[in-house]
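The chain that follows stands alone, in the form predicted alone, written as structure tokens.
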Amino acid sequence: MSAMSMPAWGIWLMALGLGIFIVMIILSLKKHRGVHRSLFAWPYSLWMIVFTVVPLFLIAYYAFTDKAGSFTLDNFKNFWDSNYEMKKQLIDMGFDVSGMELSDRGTVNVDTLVYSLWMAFKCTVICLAIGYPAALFMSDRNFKLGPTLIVLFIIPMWMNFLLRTIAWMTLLEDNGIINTLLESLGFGKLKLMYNSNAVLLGMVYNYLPFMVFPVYNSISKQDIKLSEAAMDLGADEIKTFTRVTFPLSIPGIVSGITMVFMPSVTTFFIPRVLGGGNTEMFGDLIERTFLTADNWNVGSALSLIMMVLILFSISLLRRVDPQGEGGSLL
């Protein structure tokens, strides 16, 4: 299936959204007899309809249909059994696949998802272990350089994500800066590139700010009088932290976990560059299914499975942080 094979109803749906947008603008102009402040929000509404709502409908459509447009659940069966499509084609050709040995294991897709979840879990734990002390340190009102350090955390994010990742190749490759330094000190070269550790390092580097900022925002908003009251009642610094500071920072922690974990699961460029094709995560699998295998139906089913994980993560965030107190980056 090619990229140009959008169903007719998808095109009509986009046209309908554009039509509704134009009608709502006209009604707003008539109601307020001119330009009202709410009118400036309509371009965002149009953007959401065309580039968020319609693509979601298209993904759902492709996920539950075959190449002929008929309803099917075979795309999700391809997730559980990566050889399902091949077996189906062989059966249609008249072959008996019951005793046939295939080159690939049928659990490749599931194994890739499990591996991605494991890598994302490790990335999140490391980011939390590094980011929470950093956020706690920078949010100290007696530490005057805290805002400066926050700016230093922000500056790398101004650089393109791809460039930041590629820059690590200069450091980690066999003839890179780190191995050159080790050789000059009399040590042998280390295999720093094209393995899971390099991928994990790149993930932690890129997603650490998304853990630091929500936690910093949550801690810095706390009323200092609460900690002072706890210490006045006899609590030491450790007990004040465990009984007051840490519980109040949980919304920021949950927000940080969500903002780090989900991008880590879906990332695909970091494993490709730092993993060198030796590691494949779920984002790589989705991209390969869409672009290399040119199978939009299975790719949409895989994307839909990932969306379920994202929705579960968002629902967890809403339960722990219903007011979104830890959700702001600044």
Partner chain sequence: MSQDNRLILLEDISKDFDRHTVLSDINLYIKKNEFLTLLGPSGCGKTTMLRIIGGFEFPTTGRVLFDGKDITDEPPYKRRVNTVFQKYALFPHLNVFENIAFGLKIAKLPKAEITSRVGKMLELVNLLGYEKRSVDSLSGGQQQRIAIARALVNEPEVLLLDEPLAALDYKLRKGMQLELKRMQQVLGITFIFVTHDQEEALTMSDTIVVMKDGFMRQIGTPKHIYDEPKDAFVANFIGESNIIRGIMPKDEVVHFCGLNFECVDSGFEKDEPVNVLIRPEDIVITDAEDVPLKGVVRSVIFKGVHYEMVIDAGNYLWKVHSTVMVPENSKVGLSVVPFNIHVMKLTDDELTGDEQ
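Residue numbers count along the first chain shown, from 1. Since we're looking at a predicted model, the values are computed, not measured.
Only in words, not in the display: the form predicted together with its partner chain, which the text now covers.
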**Prompt:** Which one of these stretches, 187-195, 69-77, 219-227, 165-173, sits within 4.5 Å of its partner chain in the model of the complex when only heavy atoms are counted?
**Reply:** 219-227
**Prompt:** Heavy atoms within 4.5 Å of its partner chain in the model of the complex: does L233 have any?
**Reply:** yes
**Message:** Can you tell me whether I253 touches its partner chain? I mean in the model of the complex, with a 4.5 angstroms heavy atom cut-off.
**Reply:** no
**Request:** Please run the contact check for R243 against its partner chain in the model of the complex: heavy atoms, 4.5 angstroms, yes or no?
**Result:** yes
**Request:** Using a 4.5 Å heavy atom cut-off, state whether E237 contacts its partner chain in the model of the complex.
**Result:** yes
**Request:** Let me know the one among L149, L128, L248, L182 whose heavy atoms come within 4.5 Å of its partner chain in the model of the complex, would you?
**Result:** L248
**Asked** Hey, which residues along 293-315 are within 4.5 angstroms of its partner chain in the model of the complex, non-hydrogen atoms only?
**Response** none
